[in-house]
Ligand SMILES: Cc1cc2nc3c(=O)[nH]c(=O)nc-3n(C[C@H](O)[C@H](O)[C@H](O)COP(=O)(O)OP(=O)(O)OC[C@H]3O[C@@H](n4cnc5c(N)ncnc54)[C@H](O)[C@@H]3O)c2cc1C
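In structure tokens, the next block holds one chain alone, the form predicted alone.
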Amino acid sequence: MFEWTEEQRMIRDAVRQFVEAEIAPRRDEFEFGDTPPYEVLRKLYKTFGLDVMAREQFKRRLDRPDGGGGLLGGDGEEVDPKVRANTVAMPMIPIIELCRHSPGMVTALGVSVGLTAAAIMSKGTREQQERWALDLLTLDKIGAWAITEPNSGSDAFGSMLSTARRDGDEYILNGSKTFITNGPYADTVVFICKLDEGNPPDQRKILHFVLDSGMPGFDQSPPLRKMGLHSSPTGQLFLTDVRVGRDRLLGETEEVSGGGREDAKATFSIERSGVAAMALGMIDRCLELCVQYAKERVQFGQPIGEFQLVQEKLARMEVARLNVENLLFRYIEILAHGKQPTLAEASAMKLYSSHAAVEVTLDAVQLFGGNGYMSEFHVEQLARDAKVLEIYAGTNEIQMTHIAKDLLRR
């Protein structure tokens, strides 16, 4: 069974020290101010050489004969499962540690170096990868992945109204997107829309384009106010007759750029698996704070940790922590052996982890009592931040349908 190695524990401790020194003291600034998180995330990357590693990994990938495979190897390439496991596990560590204090930063980071860069690396030509993906992977630039629209949510493709229309060798893009992570500050945006050939919307091909901020007709809104994840800027995008060449169509052909639902499923599987790492960080931090508070807070002449109902809350938090950690370990082992979790498996992972995070953070607020409702106590923020885990990357209701349909097909 997979478990954290001594090297990984040392890296975890180093990342935790960074977060506690550079991010935790500025929590109010990120949580209640308007400071974007990118400067401190770039400092994290440079401190641990993540930008250098990303550059080296990018070069190795492009140097492969097939231009693919990445760190986990390609067809016919044998990779030691321990090497695979370490490759998968290492990026989880900063996710977990950042989520102990500022889960929003993980969302901002993951959408940029994850969803946006991954879309370009999977569909883009070598020229497109060199033009846009490398700067995203090193955090030199910030990316956004734009799929959600004002009238769509779980039915992202069925309700999609954004369009691309051919105009000679170019395309004219129109539409709007909302709830877009990094939207207000993104330098590079993967814009997903339907090809309008005069056919009904439900028969239109899905295409992916890469946009740069400042293009004529492309507007990015200021950050939206929301319940939680305040350190993750969220905004709207508006396109009015944005003219683009074929060089901005991912893959530079409609056949490569298309794929729509199947590509989204693969993306969602990755995103949903990452929710478990986020949940683990939040749960771990809440448990740490609650154990400390239960020892120090005195009521009726004794620490509240002596009361059985408080002990029950702590015990349930620990069970949730172990379960989510084991789900994460299972995910690492699956990838270590060259496999991918099914959409149903990723959905189950996301469903349980997000529910556990919400339950634990709300219990933490309850354990802290009136103090837990005050913003100066960290559990209040974590409770607000946790709720979105049940909503984004597909609502938990959608996760249930994926799991149930998979069971019924067996």
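All values derive from a computational prediction rather than experimental measurement. The numbering used is simple: start at 1 and walk along the sequence shown.
The same protein also exists as the form predicted together with the named molecule; that form is not shown, yet it is the one meant from here on.
Comment: the named molecule is not present in this chain, but in the predicted complex one of Arg131, Lys226, Arg243, Arg166 has a heavy atom within 4.5 Å of it, namely Lys226. Site annotation in the predicted complex: the residue of Pro303, Pro201, Gly153, Pro91 reaching within 4.5 Å of the named molecule with a heavy atom is Gly153. Proximity of Phe191 to the named molecule in the predicted complex: non-hydrogen atoms within 4.5 Å are absent; the residue sits far from the partner. Contact annotation for Val15: none of its heavy atoms lies within 4.5 Å of the named molecule in the predicted complex. Under a 4.5 angstroms non-hydrogen atom cutoff, the named molecule in the predicted complex has Thr234 among its neighbouring residues. Taking the partner from elsewhere, Cys290 is found to have every heavy atom lying beyond 4.5 Å of the named molecule in the predicted complex. Scanning 105 to 138 for heavy atoms within 4.5 Å of the named molecule in the predicted complex gives just one residue, Val111.
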